[in-house]
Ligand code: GAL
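Okay, here we've got a single chain as structure tokens, the form predicted on its own, with questions on binding and movement later.
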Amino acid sequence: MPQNAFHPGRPWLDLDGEPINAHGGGVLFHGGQYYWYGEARPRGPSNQDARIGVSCYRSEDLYHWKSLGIALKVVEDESHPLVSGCKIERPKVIYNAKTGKFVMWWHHDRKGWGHAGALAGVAVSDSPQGPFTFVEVLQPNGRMFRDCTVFMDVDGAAYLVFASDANANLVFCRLDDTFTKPTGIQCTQFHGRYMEAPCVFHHEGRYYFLGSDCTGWAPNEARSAVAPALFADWKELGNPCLGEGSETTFGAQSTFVLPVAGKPGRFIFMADRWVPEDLAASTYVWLPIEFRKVPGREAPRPFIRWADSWSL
């Protein structure tokens, strides 16, 4: 197999020969390097709570990743929101050029609460690899906050996109100039559609959404949508996956859409193939996104097809 290639669903080792442990994560490109953040899960039977924190890996080519350790650590202080046993899920990091800070957002729940709290967590760092300093947990504008992503628009404004209202709806919320606080500028989208695992990206003047249904840890058929603006009406486009396994998103669930630096129009669909009884054993499904013009539709549709091995 070529060394510089992706092998979706297969174990992926870092440069130290250890399995990459960055689940439900996202990737930031900064200073010519890619930084991959995700849930660090302990090996063995999983209770699905946070016991380690958020990991960080660095790469120049997206194929080979160096572990930089734990960027945000859980603590042993029972009075602290980050106490071991809380929930830290789907961490995403964005860089604020005005403040020089790296800002991490994630779905948070307090220890022992299950998913009843539906909070957002935020932390900041002077370095992409951390350590990140905890800021607070909150419900943006009083809204329930579950599966989430962070999106920077072409004008430099940053947005939280998150499942709310017991997962029934998605909220798009603009962040303030520091990227650490929500503003009152927000809208509710996909009313009653029960979307999880949201991903948002911009391509050729349009905004695209990829996500999933709500079926717990079991994989389901992916969803896609397009809009002329974030706060405009989104038009659903159906399942973006093609071929065998498309009805379960190839056994995986979306987590992030990664724009490939220096290659306009090239995007990687990032997904997790969850193993709920041993979350550290979950693998990663990275596949290229292609766009195809469909008769009768103004906007080209994004499509994802399976490949046992592929390269940029």
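Please read all numbers here as calculations on a predicted model, not as lab measurements. In this text, residue numbers run from 1 along the sequence as written.
As for the form predicted in complex with the named molecule, it is not shown, yet the points below apply to it.
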Okay, which stretch from 73 to 81, 119 to 127, 179 to 187, 89 to 97 lines the named molecule in the model of the complex, with non-hydrogen atoms inside 4.5 Å?
89 to 97
Any non-hydrogen atom of Trp217 within 4.5 angstroms of the named molecule in the model of the complex:
yes
Although the named molecule is absent from this view, report whether His115 comes within 4.5 Å of it in the model of the complex, heavy atoms only.
yes
Contact test in the model of the complex: Gln253 vs the named molecule, heavy atoms, 4.5 Å:
yes
Relative to the named molecule in the model of the complex, which residues of 177 to 207 have a heavy atom no more than 4.5 Å away?
Glu196
